[in-house]
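Quick heads-up: it's one chain on its own, the form predicted alone, in C-alpha cells.
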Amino acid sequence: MDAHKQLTIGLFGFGVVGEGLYKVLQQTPSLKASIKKVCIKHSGKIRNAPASLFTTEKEDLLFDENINVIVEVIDDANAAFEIVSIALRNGKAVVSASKKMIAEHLPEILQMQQETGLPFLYEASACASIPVIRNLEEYYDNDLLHAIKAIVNGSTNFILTKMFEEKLDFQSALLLAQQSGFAESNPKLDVEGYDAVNKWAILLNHAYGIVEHPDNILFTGIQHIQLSDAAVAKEKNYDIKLIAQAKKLKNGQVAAFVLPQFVKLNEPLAFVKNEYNGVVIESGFADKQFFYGKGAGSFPTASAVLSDIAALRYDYRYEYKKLYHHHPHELTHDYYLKVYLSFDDWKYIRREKFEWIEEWHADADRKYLIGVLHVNQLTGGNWWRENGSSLILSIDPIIDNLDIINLKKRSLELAGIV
C-alpha cells in the first residue's frame, strides 16, 4: 500500500470502540480510509449509522475483494482469532484491539504474519492511546532495555485511586467504577488481573522478544486489597498500584509479573490516577522515560486503531526485532521478591516459605508482615491469595539471586544474630 491508496475497511464490532472509530474516521477525511461494511452480532439494535452499513454475515467482509483492511474490535477472543486468520489468508491487512486473543495466540499469529507477509497491527490492545508497542518495537534496542513498569488497566487504577483518595472500601469503589463506565458488569477480568496479564504478554514480546502464554506469567489483581493496606501505605508515604513489571536480571534473563505494588509518592506511576495508564521504561543511556495517557474508553482506543490504519498506508508492519534479529530473552522464575502480606489469622500464613521476615505486626486487627521469598513460593500455590490474605510487593521488590547472600547476611546483622 502507499500513502495515496484508498483503504477500504471491513469492521467487526460496533460497540464503544467500533462506534468511536466510525465517528473518528468521519472527521479525518485526509486518511483516505472508509468503512464499507460493519459485521455485528445482533441486527435488531438501533445504531448511529446507516442501516445499509451493517451485516450479520462475516463472509460479507472477509471475502469482499474490494475490502483491503479488516479492523476487529470485538470481545470474543475465539471469534476474533478466526476473523484474523481468515483475513490474513485472504490477503487483507488486519488491525485488532483484542488483547486476550493476541496474548493467547501469539505463536500462531507470528507464524501467519511470516507466511503471508501481511501487516497485523494492534497498538490498541495495550494502553489504548499510549503508543507503547510502536515505541518498544522501534525505539528501544534489546540489550539496552533494563526494565519496564506500567499501569495497564484503567479500571483497577480507578478503584485504587478511590480507595486511597476517598477512603472507599473495595466494593464501594468497584461499584463506582461500574457506574462511571470504567468497569464491566462482570469485573473479574479487570479486578483479578486477567486483562493486565494479557496486555503484559503482548508487551513482553515487543520489549524482550519473549513469547509466553499469559498462564505462565505470575499475576493477581486487586481483589484482596483492603482499606487497612491503604492505611499502612499512607503511613509509609506510599501509594498502591497494580503494576505490570519486567526487569532484566544480571544473568540476562527477565523477571516479569503483574502484582499490586507499593509505589513511592514521587515516582511517575504514583501520578497516574483514575482510569489513566502509565508506562515507565528504563534503558541503558536514556534513563527513565514516562508515557502517560488514557488507557480505556471509546475515543482513546479508537485513536490507537486509527494510528494503525494510518500506518498501513505506508505498508508498516512490526518487524519483531527483539525476536527475529536479536537473541530473544527468556522469562525466568528464579529470583526473590520482597513482599508485604496482610492477613486475619497467623495460622494460614506459611512462614516456612519465607527466606526471612523483616517486620511483623501481630497486634493490629489486621496483621501484616514484610519478608523475602523465592518467586516459586508464589507460583507454586494459592496460599497467598486465600483466607483473606492480601499480598503487595515492596518498593524495588526484585532481588537478584546474586544479591540474596549479601542481603541475608545484612538481615541477620540487623536482627543481631551475627
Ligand code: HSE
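The structure presented is a predicted model; accordingly, all values stated were derived computationally and were not measured. Rigid core (definition): largest C-alpha set, two forms, superposition within 1.5 Å. Quick note: we count residues from 1 along the sequence shown, nothing fancier.
Not on display, but discussed next: the form predicted in complex with the ligand.
- With a 4.5 Å cutoff on heavy atoms, residue 193 does not count as touching the ligand in the predicted bound form; it lies far away.
- Contact check for residue 344: no non-hydrogen atom falls within 4.5 Å of the ligand in the predicted bound form.
- For residue 184, a non-hydrogen atom is located within 4.5 Å of the ligand in the predicted bound form, even though that partner is not displayed.
- Contact between residue 339 and the ligand in the predicted bound form is not found at the 4.5 Å heavy atom cutoff.
- Interface residue among 95, 152, 201, 256 relative to the ligand in the predicted bound form, by the heavy atom within 4.5 Å criterion: 152.
- Proximity to the ligand in the predicted bound form, taken as heavy atoms within 4.5 Å, picks out 176 to 184 from the listed stretches 86 to 94, 176 to 184, 304 to 312, 319 to 327.
- Contact residues in stretch 88 to 110 (any heavy atom within 4.5 Å of the ligand, taken in the predicted bound form) are limited to 99.
- In a rigid-core overlay of the protein, residue 186 has its C-alpha displaced by at least 2 Å between this form and the one not shown.
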